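First comes one chain, alone, set out as structure tokens in the form predicted alone.
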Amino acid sequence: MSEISQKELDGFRADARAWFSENVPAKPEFMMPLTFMEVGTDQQFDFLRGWQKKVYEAGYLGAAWPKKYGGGGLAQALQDIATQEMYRAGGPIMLNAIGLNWAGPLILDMGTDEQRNQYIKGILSAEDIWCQGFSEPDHGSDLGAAQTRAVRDGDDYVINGSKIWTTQGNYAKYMILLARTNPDAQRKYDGLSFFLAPMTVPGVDTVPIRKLTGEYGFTQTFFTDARIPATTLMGGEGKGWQVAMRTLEYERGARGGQAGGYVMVYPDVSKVVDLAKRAMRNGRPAFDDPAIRERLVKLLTTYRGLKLNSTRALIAPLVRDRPLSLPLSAKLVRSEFYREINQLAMAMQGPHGAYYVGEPEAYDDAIWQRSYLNSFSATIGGGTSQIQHNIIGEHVLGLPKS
């Protein structure tokens, strides 16, 4: 694709800004999810599905994905502009997070032409919701120990087992599924296979999981003699670990190619400063407390560093010494940062930090408390913070596994 002129970039930005200004919906009467992991009611789901479809049809989602599969066929710079203007206008999150950010890029990267034609447009339009079947109840962060079985039977695989923390599993049409096809493999990783599994076949059942916040968003998924076509296998039998690792690169933001938009509403750092000036502790604003100001400065510095590192990662000479350091550490630093900033916002409120959504004495309708409780999911999904530390140690610093 030829280089885009500044005039073309500016024109696209002006059009996107005008469109989002006119089309971002008014805040509904019901509580909106802060992240895709909190979509727990039909009202929320239908509202966000309609919004994603509208953004896609306007050309501001999937703009850089190939046109022949349903994307816009434009330059990535234009999609980046559209996402920036979406955020500036305060638009709702995109619903189909796993499809847009993990499954879709994976299919474009490693899938067949038939799979791209079958799945990509439905991902972008939110007609086909995707979920992820990696974690299992008995194996925690040890993804390689997955025991959900997939047994070949003619033109099908028969699936038995269970997956947990299946985000939007009760709404999903498809699952990216990691299952064990060879329990006798010498290396446990060699016995795993990766499937683009339909969720609508008999024998697939989901049970919603209620979170500490009282909200839903996750399910446990049970497979009981569920038959899925062998054509849904990706990468070949026994190659599932390699495909799963590529998927996690997308999930952790270490590899580009996502469809655009955003799937989480992050805390506004400037509003934390504003809260410090309003929240009273011992009869005085929290901002007057030197310890609070010190923590605020540290968090603001981290926030600025995160923004600058996003740019730095794209400048090869600046990362030549450790090219993987920024992409592999971004998920860890970002998820822990937002947990910490919500925690500080709660601490600044003193006794008011104990109030929750709907209680009249709560600051900002307890958005900070709700955001804090929900922030832990981001420190777990895609590999816990502890796992992320291991990855950085091994793949960036070259430390041994033992």
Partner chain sequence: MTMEMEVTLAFSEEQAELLEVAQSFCRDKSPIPTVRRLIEDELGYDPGVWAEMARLGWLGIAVPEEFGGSGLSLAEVVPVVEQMGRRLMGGPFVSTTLAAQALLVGGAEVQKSVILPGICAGKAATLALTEPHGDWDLAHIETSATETDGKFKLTGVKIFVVDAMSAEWIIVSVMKNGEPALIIIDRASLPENALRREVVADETRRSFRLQLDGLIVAADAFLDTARARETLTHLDLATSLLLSAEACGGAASCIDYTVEYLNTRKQFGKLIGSYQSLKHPIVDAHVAYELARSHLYSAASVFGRQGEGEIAARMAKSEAAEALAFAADRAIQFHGGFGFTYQCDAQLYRRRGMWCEYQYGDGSYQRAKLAKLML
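Source: prediction; values computed, not measured. Residue numbers count along the first chain shown, from 1.
The form predicted together with the partner chain exists for this protein as well; it is not shown, and the discussion that follows is about that form.
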{"query": "Triplet Leu300, Asn309 and Glu394 all within 4.5 Å of the partner chain in the predicted complex via a heavy atom", "finding": "yes"}
{"query": "Contact test in the predicted complex: Ala145 vs the partner chain, heavy atoms, 4.5 Å", "finding": "no"}
{"query": "Non-hydrogen atom contact Phe287 with the partner chain in the predicted complex at 4.5 angstroms", "finding": "yes"}
{"query": "Arg210 within 4.5 Å of the partner chain in the predicted complex, heavy atoms", "finding": "no"}
{"query": "Arg152: touches the partner chain in the predicted complex, heavy atom cutoff 4.5 angstroms", "finding": "no"}
{"query": "Selected contact from Ser329, Thr83, Gln258, Ser162, since only one has a non-hydrogen atom within 4.5 angstroms of the partner chain in the predicted complex", "finding": "Ser329"}
{"query": "One residue of Met31, Leu34, Val333, Ala347 in contact with the partner chain, assessed in the predicted complex (non-hydrogen atom, 4.5 angstroms)", "finding": "Val333"}
{"query": "Segment assignment from 131 to 139, 176 to 184, 300 to 308, 196 to 204: heavy atom within 4.5 Å of the partner chain in the predicted complex", "finding": "300 to 308"}
{"query": "Within 374 to 402, the residues that have a heavy atom no more than 4.5 Å from the partner chain in the predicted complex", "finding": "Gln386, His389, Asn390, Ile392, Gly393, Glu394, Val396, Leu397, Gly398, Leu399, Pro400, Lys401, Ser402"}
